[in-house]
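The data below hold one chain only, encoded as structure tokens and taken in the form predicted alone.
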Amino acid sequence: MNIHLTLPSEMRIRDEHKEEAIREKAYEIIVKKGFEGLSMQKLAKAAGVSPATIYIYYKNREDLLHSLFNHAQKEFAFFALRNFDPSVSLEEGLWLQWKNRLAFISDNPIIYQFFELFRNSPLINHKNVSMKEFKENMVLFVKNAIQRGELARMEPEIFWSIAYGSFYSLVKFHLQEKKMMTENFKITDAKMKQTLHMVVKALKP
């Protein structure tokens, strides 16, 4: 006599290709329609799987969103921390951060847009969201710069606004391909270095 067993979702075989397809379609839906535009049914249809398949990988919609961010954060940290040493000078460290972040954005435009949406939403405050390794490196980098007298003491929000606000403004114009006036705008090393020079001057004690 043949006995057929139905395995619970957590025991079914995980397929990395299906999981990646689900993740990619989830990013696309959220970027196009916002968090409210994402449902498990819509996601399943877009990814070409059944809704039950999604629950093999994610407990529920909330778990899916947190997992999407944590995956995006790992991708971001991989690029941002590449060849980065918290002991380097303020200018050298910021230059490498700008270059690494631009590489991440260029290689992962959809993930970057999702990343920004998530970071600017209340979801970022959930306990299941973590950026520990990245934050530890950035904090140490700032502390070292202050100790060497390269950086004035200031609140973290002020530092971020000065050190990275200008960079992300350039990125925005770059992605939109717009200048303030007429012609298309493209980021170049020369434009970033010109901006970085002024940023470092503003950060000095």
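Here the rigid core means the biggest group of C-alpha atoms that line up within 1.5 Å when the two forms are laid on top of each other. Every value quoted in this text rests on a predicted model; they were computed, and no experiment measured them. Don't overthink the numbering: it's just position in the shown sequence, from 1.
Note that the form predicted together with a further copy of the same chain isn't included here; everything after this is about it.
Item checked: Residues H17, M40 and K143 all lining a further copy of the same chain in the model of the complex, heavy atom within 4.5 Å -> None of them does, since no heavy atom lies within 4.5 Å of the partner.
Next item on the list: Tell me, out of K45, K59, K33, R148, which residue has a non-hydrogen atom within 4.5 angstroms of a further copy of the same chain in the model of the complex.
Entry: Selected option: K33.
Next item on the list: Heavy atoms, 4.5 Å, a further copy of the same chain in the model of the complex: which of 87-95, 115-123, 131-139, 100-108 makes the cut? Say which one.
Entry: Comparing against a further copy of the same chain in the model of the complex, the contact stretch is 115-123.
Notebook entry, point to check: For S50, is any heavy atom within 4.5 Å of a further copy of the same chain in the model of the complex, or not?
Noted result: No.
Check: Going by a heavy atom distance of 4.5 Å, is Y27 a contact of a further copy of the same chain in the model of the complex?
Finding: Contact with a further copy of the same chain, no.
Note to self: So, S67 and a further copy of the same chain: in the model of the complex, are they within 4.5 Å at any heavy atom pair?
What the structure shows: Flag for S67 set to no.
Notebook entry, point to check: Closest heavy atom of I54 to a further copy of the same chain in the model of the complex, within 4.5 Å or not?
Noted result: Although a further copy of the same chain is absent here, I54 would stay clear of it in the model of the complex, with no heavy atoms inside 4.5 Å.
Item checked: Members of 144-159 lying within 4.5 angstroms of a further copy of the same chain, judged by heavy atom, in the model of the complex -> R153, M154, E155, E157, I158 sit within 4.5 Å of the partner.
Item checked: Exceeds or equals 2 Å, Cα of L170 between the shown form and the other one, core fit -> The answer is yes; the displacement is at least 2 Å.
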